[in-house]
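In the form predicted alone, a lone chain appears below as structure tokens.
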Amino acid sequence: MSPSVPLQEMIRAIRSARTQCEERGVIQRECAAIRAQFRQTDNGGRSHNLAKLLYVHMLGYPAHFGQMECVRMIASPRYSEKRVGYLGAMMLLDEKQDASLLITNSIKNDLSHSNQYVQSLALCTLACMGSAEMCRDLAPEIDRLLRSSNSYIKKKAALCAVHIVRKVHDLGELFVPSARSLLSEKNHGVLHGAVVLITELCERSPETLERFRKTVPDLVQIMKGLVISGYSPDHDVAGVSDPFLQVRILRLLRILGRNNEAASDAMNDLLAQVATNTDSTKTVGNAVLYETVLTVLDIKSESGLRVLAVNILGRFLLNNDRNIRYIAMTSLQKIVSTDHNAVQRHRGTIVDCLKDQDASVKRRALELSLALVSASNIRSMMKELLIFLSSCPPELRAQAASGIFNAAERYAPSKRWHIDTILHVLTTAGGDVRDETVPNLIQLITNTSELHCYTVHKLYRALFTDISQQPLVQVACWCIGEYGDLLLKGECQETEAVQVTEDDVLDALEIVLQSHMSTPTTRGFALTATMKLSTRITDNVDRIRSIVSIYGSCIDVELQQRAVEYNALFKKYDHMRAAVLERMPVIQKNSLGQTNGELSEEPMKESQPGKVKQEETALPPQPAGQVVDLLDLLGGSQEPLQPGSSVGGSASTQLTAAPSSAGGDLLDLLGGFEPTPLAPAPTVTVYEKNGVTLTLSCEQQSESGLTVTLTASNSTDSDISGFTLQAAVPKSVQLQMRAPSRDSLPAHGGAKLTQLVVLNNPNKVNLKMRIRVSYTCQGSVVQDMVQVDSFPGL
């Protein structure tokens, strides 16, 4: 291929290449010819060669050697060469390269050129790749062009001014007077550039925003003219007059009316007119309506106008276009907390979107459906959500199950309904629920004493139906161990009674213990349940003893430890087995969400001596032998108790236990520890923003080990979902993040989220941690970063 071939011939030769290697060969030969011609001083085909080089650049091949040629051609007096030179500068140069500074003077000269098309080339180039230094040098020239009489130049200058404001915020004040005057123009291109410039200025400066609020009547008049104007072939798009300018004006009105009642009142009538007169059958009309809805919902609009906006979004939900349905649900998600009743009217349409084939639409519909659940519709909404859970994609099951649990906990009409709903979720998607589901359900069952018989019968049936759902199997084993006597009685008023024998119950637990699908945690539940049944049945105690003894040599350390301890109960402490394995007490939660046995941050009240004496006299006398046996189980006692002293620990009685030398105590298996008073770990607030508070406390486990507890709470009026924490530490520090207690934060501090972070610092480096906080509030995703340089208590 000769060096003088035209651009079309080079393109044809490149496209006819059969392999990539052949294409590279063609381009390398042509680039070599272009380089050679660039070196010639008298070159008549400069623009021709640079055009070919730009095509090579578009294909992804290196073309940096043409940068200086662009600079030379920009300085040329010929328009044909200037045009290609400016195009090459926009493609081959950027603000990071020194060559871009060489064209500053050429651009300044061309901005004063008598030809408007040459001025346009300079304006487009500056708006595309102008650096901060170039913007500072040329800003006065742009302001001068904004005041010119040529509409073609003014619209280009307005867009160039937008780039300058984005690059150098301080130059915004320079363009304020000119931008205000541009609103009186009749040319739509100039108006469009003026609105974009004013929007940028208002977003950058609150003072400028206050000054431009006075232009709201002018913007309203421009918008009314567009809405009521007749057919204009220059601006009509699918029956809508200049929708691009309408969208830009609506966005600017949204900024000007935010948190300002006077500006909002001035635009209420206009927004109602646009919402009722715009055709919604075309995509163009839907774009204008969507911007109208966003403006109505963001300003201080009237209640009737907000209902009209929600109804427009409801019509969007019926659209066949999935993109329109998606943005409708995204907008409804943002306002469901403030306009809950208005969104409730479209509940049926939103629920129907759960059946959509698109995964993104399904996810939005699920989030919105969960937000619409209330005490009045809990039964109907939960029915739809459970149907969705049975057929939803795997990636949505965890989110759906978590949302159903939260809604059931908030609005459950009865305890039985609450238990049935959770069991239904565990049966359907047990493998996708969070770790705290099992203890939460156990607490609910424990506190509902009137449903113990009903629950144990239902879980026993579920255990035989499917043992692959591990959380369900764990709860079933726990209930069988606690309430196995109710199961064996076969008397249940709440449900149809099932005649179950002792062998049937033990067979079911053995199936769980031996199943390959059972996790070590599930086997631990089943082994404990089997042990507890030894005090609730009479004929199969020997069988239980043999089952427990088998796992005394289990490869799993946790199961082996349990089995050894249970064997010790059978052998040495059989007289205390019934007391140790009695039913669990009711698990209560205080206002801070702490369960029995957790330490409270508040100091314990000192007991009054008078009340202590009354409690002591109320306790029945117990034989000394039983007391000594109980203390022997807890570590051994060498001193006999004085008569009249109370067992169970009144505040005025101190028990001193010496370690036993026999070595057969249960606590000896765990190392023979002695109880020590626990002091609350010091807590420091590391993040507090937008109503979200994150506190940090730490506890030294060893010389190099540290456990950090992160606790998050929400004091706003709306729920927060998708709350996640990510942590980073120096490379020499080992970090392990445990699963969080939940993934959402209810409003008004309804519940807290806790997450443990285990750190190992073997090299004793200066410990620092960077935490990323991510969450979704009212449909908006928030991400923040916080650095922790010191840890409390260290």
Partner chain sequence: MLRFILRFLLLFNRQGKLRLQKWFVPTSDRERKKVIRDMIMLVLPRQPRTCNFLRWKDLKIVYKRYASLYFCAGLEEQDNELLALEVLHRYVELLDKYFGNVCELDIIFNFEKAYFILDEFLMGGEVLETSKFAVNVSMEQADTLQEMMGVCCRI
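Throughout, rigid core stands for the largest set of C-alpha atoms superposing within 1.5 Å between the two forms. Quick caveat, the model's predicted, so the values are computed rather than measured. Residue numbers count along the first chain shown, from 1.
Although not depicted, the form predicted together with its partner chain is the subject of the following passage.
**Student:** Heavy atom within 4.5 Å of its partner chain in the predicted bound form: which of 287, 174, 544, 216?
**Tutor:** Contact with its partner chain in the predicted bound form is made by 287 alone.
**Student:** If you check 340, 300, 167, 489 against its partner chain in the predicted bound form, which one has a heavy atom within 4.5 Å?
**Tutor:** Contact check passes for 167.
**Student:** Is residue 78 close enough to its partner chain in the predicted bound form to count, meaning some heavy atom within 4.5 Å?
**Tutor:** Answer yes; at least one heavy atom of residue 78 falls within 4.5 Å of its partner chain in the predicted bound form.
**Student:** Just checking whether residue 364 would be counted as a contact of its partner chain in the predicted bound form - the rule being heavy atoms within 4.5 angstroms.
**Tutor:** Contact check for residue 364: yes, within 4.5 Å of its partner chain in the predicted bound form.
**Student:** Although its partner chain is absent from this view, report whether residue 156 comes within 4.5 Å of it in the predicted bound form, heavy atoms only.
**Tutor:** Answer yes; at least one heavy atom of residue 156 falls within 4.5 Å of its partner chain in the predicted bound form.
**Student:** Applying a 4.5 Å heavy atom distance criterion, does residue 550 contact its partner chain in the predicted bound form?
**Tutor:** Outside the cut-off, so no.
**Student:** Residues in which of 352-360, 404-412, 571-579, 476-484 have heavy atoms within 4.5 Å of its partner chain in the predicted bound form?
**Tutor:** Checking each option against the 4.5 Å cut-off leaves 352-360.
**Student:** Are 417, 445 and 775 jointly within 4.5 Å of its partner chain in the predicted bound form, each by at least one heavy atom?
**Tutor:** Spot residues vs its partner chain: no contact at all.
**Student:** For a quick check, can you give me the residues of 193-210 that have a heavy atom within 4.5 Å of its partner chain in the predicted bound form?
**Tutor:** If the 4.5 Å heavy-atom criterion is applied to its partner chain in the predicted bound form, 193-210 yields 196, 203, 204.
**Student:** Could you check, with the core superposed, whether the Cα atom of residue 365 shifts 2 Å or more between the shown form and the other one?
**Tutor:** It does not, since the residue 365 C-alpha is displaced less than 2 Å between the shown form and the other one after the core fit.
**Student:** Rigid core fitted, is the C-alpha displacement of residue 477 between the shown form and the other one 2 Å or more?
**Tutor:** Moves: no, less than 2 Å.
**Student:** Is it true that residue 115 shifts between the shown form and the other one by 2 Å or more at the Cα, once the core is aligned?
**Tutor:** Yes, its C-alpha moves 2 Å or more.
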